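Take a look at this single chain, the form predicted on its own, given in structure tokens.
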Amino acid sequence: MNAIEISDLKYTYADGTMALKGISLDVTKGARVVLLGPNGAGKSTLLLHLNGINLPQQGSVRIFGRKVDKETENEVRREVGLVFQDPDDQVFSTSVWDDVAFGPLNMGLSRHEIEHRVADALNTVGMWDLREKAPHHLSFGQKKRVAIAGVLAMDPEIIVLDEPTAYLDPGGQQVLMEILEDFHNRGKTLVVATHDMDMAAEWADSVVIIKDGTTLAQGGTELLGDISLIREANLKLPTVSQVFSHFSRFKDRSLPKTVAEAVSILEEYIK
């Protein structure tokens, strides 16, 4: 079953900028999908369509078969949680607890259910001990985890994240990846927009590459080792692929994309 179906989606901003020029893609339920593209490709604009912040001007967006439009936008937002790149755009309450509870409160849930969801979300992202702290006293990485907890507390089936690893140190990135893996184990569908090719190679089930508001390619992570495609998309190969691309013996074979793939190949030559 497809969680997301987008067909020939077009969107033009009020200033005349045409951000999306005919995006089409499908996302299977429970998948881990990475959305890739250079700056200005339309990634953020596309993500805003997934939970009805932007509504389609032309083409269509369907979430679990439901068409996203003015009549369904509120229902869609219960199914799709969006985490912005900058947590300051999302975290605004006087305490961490209140911020995470904001969404469930507006869903009209019982006090018991709200407390359960907030506790579960904060424990999942490792922020329970800071539940009484004011968000503006938190580090950037901590704010990002609070923003993720706020989305998780609403228990959406699809979680969309815009550049989640941006500005995080290596430790923060590792914590984030563990959080995403926990979401995956819960059966959530995950869509991540990123410039981090190594993260895409190591984590994703499938990738979607867009450029100039159109879908350039969609498929498995083998696309990340396609030198001509990556150049056309104004991206770069994963670090492992970059290293192996310098050896002539690998020009006629698929480049490794992950550390595990590289180790497997090197073991063949060491034997």
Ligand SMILES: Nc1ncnc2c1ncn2[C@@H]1O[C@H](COP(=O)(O)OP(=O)(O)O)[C@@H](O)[C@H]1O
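For clarity, a rigid core is taken as the largest C-alpha set superposing within 1.5 Å between two forms. As the structure is a computational prediction, the values presented were derived from the model and not from experiment. When you see a residue number, it is the position in the sequence shown, counting from 1.
Note that the form predicted in complex with this ligand isn't included here; everything after this is about it.
Out of the listed residues 44, 218, 245, 28, 44 is the one that sits within 4.5 Å of this ligand in the model of the complex by at least one heavy atom. Using a 4.5 angstroms heavy atom cutoff to this ligand in the model of the complex, none of 165, 167 and 234 count as contacting.
Only one of 201-209, 34-42, 62-70, 234-242 places residue heavy atoms within 4.5 angstroms of this ligand in the model of the complex, namely 34-42.
Using a 4.5 Å cutoff between non-hydrogen atoms, residue 9 does not count as a contact of this ligand in the model of the complex.
Taking the partner from the other structure, this ligand in the model of the complex has no heavy atom within 4.5 Å of any heavy atom of residue 173. Residue contact with this ligand in the model of the complex: residue 255 places no heavy atom within 4.5 Å of it.
The closest non-hydrogen atom of residue 90 lies beyond 4.5 Å of this ligand in the model of the complex. Looking at 1-29, the residues that come within 4.5 Å of this ligand in the model of the complex, counting any heavy atom, are 13, 15, 17, 19.
The two forms, fitted on the rigid core, differ between this form and the one not shown by less than 2 Å at the CA of residue 73.
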